[in-house]
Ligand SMILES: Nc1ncnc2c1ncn2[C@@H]1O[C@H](COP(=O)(O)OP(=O)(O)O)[C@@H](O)[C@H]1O
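The chain that follows stands alone, in the form predicted alone, written as structure tokens.
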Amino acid sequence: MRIISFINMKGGVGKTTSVVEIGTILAREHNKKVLIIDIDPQTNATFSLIGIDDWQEIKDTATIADVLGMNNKFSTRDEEYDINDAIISDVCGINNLDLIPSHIELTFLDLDLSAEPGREDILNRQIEKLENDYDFILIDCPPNLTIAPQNALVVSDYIIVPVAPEFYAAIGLPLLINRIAQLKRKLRGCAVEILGVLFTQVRRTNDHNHHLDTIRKTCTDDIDIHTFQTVIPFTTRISEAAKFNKPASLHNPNADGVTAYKNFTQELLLNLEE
């Protein structure tokens, strides 16, 4: 089992889309058993895979908020929630693609767990209890490094950093890498490695080409981080699919972005075999 977190301190760079599309492609085209965990309180990955009515039915008893110990009114403090109770199997009718949905109350996770011993290790303990034998667990993280993404760092084998080729990324990427290195030293048992940078929302403009080349050079020369060769083009047909609570791989299977994610998934699998 490989656990991969998708992290960037900047929002709107395609973290959620990458998790949903890669997870879907791994399950549908590579026959991998995949679990997507949405730990972002914005719940975008969740609503890319299930509808609001389905979420309403489970939001009080079966989300990542429960897994991380926020909801104790249904159990005693000594009784830990079972992660298997939060899993929605075969989302969107896709065999081998499961989901643990998010909840907006994750916004208050740091307040609720500030005095909880081992609060960064909760997800790690929970994943040990999984009954299904997953090939991949993909974690969609919020654009910060608070308690929820710290849980993701502790449990993950790898990080993929989705990056849009713009000015902010050239400055922010080294800061993110430095902060992750600091957390690795502080968080017990954290041995996560950065697998690479995935360029997303790439437009065919001189400005994007310039920033893409600059960021690749920064990664190679300054911070020694791999950059994937496959880039994901900007296309509204990818984001449109979320309105229908489906991955673009199902809703717009012929979109350029979907083809790019298929190519990236193949590159990812080859990278992991090396």
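These numbers were taken from a predicted model, which means no experiment stands behind them. Heads up: residue numbers just count along the shown sequence, starting at 1.
From this point on, the text means the form predicted in complex with the named molecule, which you will not see here.
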item: Stretch from 60-68, 28-36, 206-214, 230-238 whose residues place a heavy atom within 4.5 Å of the named molecule in the model of the complex; value: 230-238
item: Gly12, heavy atom within 4.5 angstroms of the named molecule in the model of the complex; value: yes
item: Heavy atom of Thr24 within 4.5 Å of the named molecule in the model of the complex; value: no
item: Non-hydrogen atom contact Asn44 with the named molecule in the model of the complex at 4.5 angstroms; value: yes
item: Exercise: Asn96 in contact with the named molecule in the model of the complex, heavy atom 4.5 Å; value: no
item: Neighbours of the named molecule in the model of the complex among 201-225 [non-hydrogen atom within 4.5 angstroms]; value: Gln201
